[in-house]
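Form predicted alone, single chain, as structure tokens, below.
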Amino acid sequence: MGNDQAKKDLKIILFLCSWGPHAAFQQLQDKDCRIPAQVKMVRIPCSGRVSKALLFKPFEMGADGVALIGCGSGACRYGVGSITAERNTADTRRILDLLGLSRKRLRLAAFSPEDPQGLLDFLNDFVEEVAAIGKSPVQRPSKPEQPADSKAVIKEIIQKHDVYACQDCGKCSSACSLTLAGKQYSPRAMANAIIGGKLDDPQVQKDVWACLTCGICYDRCPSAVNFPEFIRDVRAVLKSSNGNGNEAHGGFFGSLARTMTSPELKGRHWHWLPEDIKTDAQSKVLFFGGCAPYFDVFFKNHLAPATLDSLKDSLRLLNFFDVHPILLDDERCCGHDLLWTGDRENFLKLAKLNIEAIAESGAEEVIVSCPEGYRTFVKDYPEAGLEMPFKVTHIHEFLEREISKGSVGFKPLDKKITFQDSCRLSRHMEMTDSARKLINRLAPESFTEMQDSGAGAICCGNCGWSGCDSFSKALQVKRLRQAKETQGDLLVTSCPKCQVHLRCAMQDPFFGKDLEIEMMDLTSVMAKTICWE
């Protein structure tokens, strides 16, 4: 394909503010100016109204470039639109860099009604710049295929998870974190409604997407009905029929994961890696980090999470034990969130790409620090019929294995600590002891469990970036109050999403100050105190 044809095939989305810039654009149309044919205009009320999710969505759908055009600083009719647009654009450009798409594919500019020629020059220049970068490697992701007979599929799902065994005893409802947070919500009632053929009921569908899939109902169920996995499979049917996933943050993280299903995408997942961390492409151990780099960028303006620290400190701990692991430059999402929000087709694409990349690396052992990634590799990939020519170890297991060999100690830690269990490790994988073994090796001022801990721990309020609402916030507030009641001053976590969600509650304008507590991932606490004896 020649350069002219490649340039002609470019797809560029122009988000254009309805005020000054649109007046300039209209003048170009009125004068029949040659606006580049590659540019498709989307009229918006204000550049500040275009969220990071909306800025990113065209890239998921295969756009080669996106331009956001607003009013100049001080001219925005909404006051802070220009400032918000600058922040959203900067964050989205950093995410494009992480994905290896190039930040140059996204531009922000401002034009007044008096400058139509400036707008036209900008558009022509942007088309030339995108042409120089080339076509995006992102292929438009496929949509889940709708089953021919949804009712028959639901019946199979009910049988698969033996939901008929529900005794209607109500133990699930009495333990459900959402119910205890005040939401009118009952797992058993939802199960009975779906058995009774009421999946089309709007309230039932809302409840399906509200479930945290935290697993505490399964832990308490006397009939061992695996309600979280039942809900997960029901969501796949709903997703294929109406596409609604009740996704938080405008569906950004679903878009991100689906974008990564393109085989030709060559990411730059580890380009932020500090120089003191040692890696080795010939190692037999591979470290799989997960999506934390994207969380830090996406939430940095209002939550300031430090989820990258868990990756850096996991790697520092591996180095401490002379393990210099392989890192995949183009590491992709494990697919956890797609699987749990009903997008099984794209989950499988990610799974196959991950397994293929790890197998090609020659690694014999994969160490994972993210609880969701660990469950996905150890349980969900094999259950999907995928073979993995390597073993998977959680970082806690690795650390306990190495530390138990002796000669390792920990410097005193001047903190009173408590611990937040992650749902995926504690209940889904029955790993409540591994973190506590490590905590008991530390030398803190004290360690006190929260009121609900281990297999009975309360969820951080959200899973799969789906169903976040006021009851999720109530749950987070309740959990932080439990942490404060221990008189602790350091809340130790094991999941990057627990960090994000609990920090969100600390931003509450009414309770935030009372809820504030220092948080740190267990790997970070260990990396800061571990020493040879």
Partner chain sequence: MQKLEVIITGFGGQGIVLAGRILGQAASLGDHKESTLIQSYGPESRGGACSAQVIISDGTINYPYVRQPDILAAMSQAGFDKFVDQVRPEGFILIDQDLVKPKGLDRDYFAVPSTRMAEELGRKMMANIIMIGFITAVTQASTLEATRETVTKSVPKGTEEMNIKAFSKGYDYGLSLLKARDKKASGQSGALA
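Keep in mind the model is a prediction, meaning the values are calculated, not measured. Numbering follows the first chain given and starts at 1.
The protein also exists as the form predicted together with its partner chain; that form is not presented, and the subsequent description refers to it.
- Contact check for F320: a non-hydrogen atom falls within 4.5 Å of its partner chain in the model of the complex.
- In the model of the complex, at least one heavy atom of S404 sits within 4.5 Å of a heavy atom of its partner chain.
- When contacts are judged by a 4.5 Å heavy atom cut-off, K300 does not count as touching its partner chain in the model of the complex.
- Although the partner is absent here, A6 lies well away from its partner chain in the model of the complex, with no heavy atom inside 4.5 Å.
- For the options D313, E331, D337, D380, the one in contact with its partner chain in the model of the complex, meaning a heavy atom within 4.5 Å, is D313.
- Of the candidate stretches 173-181, 446-454, 205-213, 406-414, only 406-414 has residues whose heavy atoms lie within 4.5 Å of its partner chain in the model of the complex.
- For the partner-free chain shown, nothing in 507-522 comes within 4.5 angstroms of its partner chain in the model of the complex, judged by any non-hydrogen atom.
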